[in-house]
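Shown next as structure tokens: one chain only, the form predicted alone.
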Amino acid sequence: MTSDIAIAGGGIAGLTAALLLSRAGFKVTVFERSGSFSEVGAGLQISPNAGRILDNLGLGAALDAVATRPTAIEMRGVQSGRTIVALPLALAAQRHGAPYRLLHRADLQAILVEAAEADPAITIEAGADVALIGEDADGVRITAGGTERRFDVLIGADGVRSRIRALVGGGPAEPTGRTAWRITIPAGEAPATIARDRVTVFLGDRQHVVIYPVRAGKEINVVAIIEEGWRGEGWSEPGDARHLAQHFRGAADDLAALIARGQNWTRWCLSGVDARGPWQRGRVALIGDAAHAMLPFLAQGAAMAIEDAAVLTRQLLRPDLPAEIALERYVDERRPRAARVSDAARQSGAIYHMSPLAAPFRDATMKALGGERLLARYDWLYGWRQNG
């Protein structure tokens, strides 16, 4: 039976998998390439499909201490500033049995690290880059931090630029032609007309902006997505606020003021990994962005990684399956779901970035459907539960 598991990557995917596997009785070693567990990024949305899993790990109270539970997702026009429709997220929480939470990515990272460090079945090694040496019927041989090790299974949770992905036959992530600009500011410095109790999405011509509170409402996270050919490789490249402001000329007053307020913008090139590509070979498998990095237009990147970890654990628990077959079953179960979510995120991006000619028809359709019916269209997403 599989008992000793190596995880390459100490982000949300890797740490969630470590906690779930440990609770299921496995011994886990997490190798993090960087010297410390500092999570890049800013805001994060955890919808009920993932929140249920974290709650079942006993992390709900810790999450609620740093998170905000939004009342709605409000769609507004970039130029008019007018509300198009609001999707009532409280209904989603009631219907799916778990809250919708907004939090800072670093806060979730810290919660997961603390839980993993307190778990005697989990060993965390920072500054340890993983390389596969070989594989046989009994497991895998790797080097990590210059030392050779043997494990039953190797899980690649090393993100969109995964090195483990090449070991299973996957290629590099592909740029999408979109750039995400982000900044986090004190809540008191944001315009009063920017709601503090919800996710606000401004829809524009080949661009949109997502705004929501983090750190229990003390800060406001702002992410602006624009279409451009920039292909920087860093996660937090400095961004010139004047360049971003040019993309939002003519924006509604409160949005324009928010963009002008930020002087410390960072940006990263949005890249994707085809969910229909290879995820597994023998006793090596991928989870999270390493397997299926997707556009953020449904806010499901972290949620899909958390779901992956849950299904992976359940399959590895099956005593009737050799490890490599359990990993195959994991991929067979997860790939259709991840591909569907990835496709839906891409479609949402097309809707968000409609031209000025098409946008009025989009807005009219949204208004006609109303927030509750629009939200119900995502029951398949937020209502997900494990099979078996």
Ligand SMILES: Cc1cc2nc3c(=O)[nH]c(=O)nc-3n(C[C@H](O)[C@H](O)[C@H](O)COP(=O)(O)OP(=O)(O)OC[C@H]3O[C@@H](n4cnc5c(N)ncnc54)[C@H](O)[C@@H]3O)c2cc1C
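Residue numbers run from 1 along the displayed sequence. Fair warning: this is a prediction, and the values are worked out from it, not measured in the lab.
FYI, the form predicted in complex with the ligand isn't displayed, but the following is about it.
Distance criterion of 4.5 Å from any heavy atom to the ligand in the model of the complex singles out P296 from the list G139, P296, G239, G262. Across the options 300 to 308, 67 to 75, 91 to 99, 184 to 192, residues that bring heavy atoms within 4.5 Å of the ligand in the model of the complex belong to 300 to 308. Residue contact with the ligand in the model of the complex: I124 places no heavy atom within 4.5 Å of it. Although the partner is absent here, Y212 sits close enough that one of its heavy atoms falls within 4.5 Å of the ligand in the model of the complex.
Not displayed here, the ligand is approached by A8 to within 4.5 Å at the level of heavy atoms in the model of the complex. Using a 4.5 Å cutoff between non-hydrogen atoms, R340 does not count as a contact of the ligand in the model of the complex.
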